[in-house]
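Presented as structure tokens, the chain that follows is alone, the form predicted alone.
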């Protein structure tokens, strides 16, 4: 085995920026008063992050691509049957079960970010698409937003437990690799982090986010007082 670069820098940045964004979301919603504006900003940031990760999952380096870790049910079942084996083969990237957890996490964060575009705090703040939809849709998005948050807390807890399980029980240290990017593996390392492509896709993702948030919904109707 060799100490090989597996996780590219953009993937690692995405991971930790996602953690930071979710932490800001939680703190501004649950702990702080009068911080809803920052809650909305963090939501827009997470929306852009998810767009970038979807692009990166298609054209990024080998182990960041969905094709490298999104497997069929047979592979997931086979992996699940031997998960308690201390000496099971470690995967260079995400294992079949962990790969689907990544997908579900992305879907949940996307659902929360998108539903937040249709939300209101009933005082001062409104999402950019709040005025575009009906009251029924607003209520549906409010339901989705809060339920997605509860699911997200569950997946975060599961993620932390899984890291502890692999570190203590299976002697596979996963967290440090998401910092320095390297693992001890027989798999071939990636050759580069594709920085030019990553920056290009980040700019495209930011532009798409700006369009969805600031341009596409149009200006809210002006209230007229008599």
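Here the structure is a predicted model, which means the values were calculated and not measured. Numbering follows the first chain given and starts at 1.
Quick note: we don't show the form predicted together with a small molecule, though the next part is all about it.
Contact with the small molecule in the model of the complex, judged by any heavy atom within 4.5 Å, is made by just one of 76, 106, 140, 151: 106.
The partner is absent here; in the model of the complex, the one residue of 49, 201, 190, 174 having a heavy atom within 4.5 Å of the small molecule is 174.
Of the heavy atoms in residue 207, none are within 4.5 Å of the small molecule in the model of the complex. Interface residue remark: residue 90 is not counted as part of the site for the small molecule in the model of the complex, having no heavy atom within 4.5 Å.
The small molecule is not drawn, but in the model of the complex it has a heavy atom within 4.5 Å of residue 120. Taking non-hydrogen atoms only, residue 36 approaches the small molecule to within 4.5 angstroms in the model of the complex.
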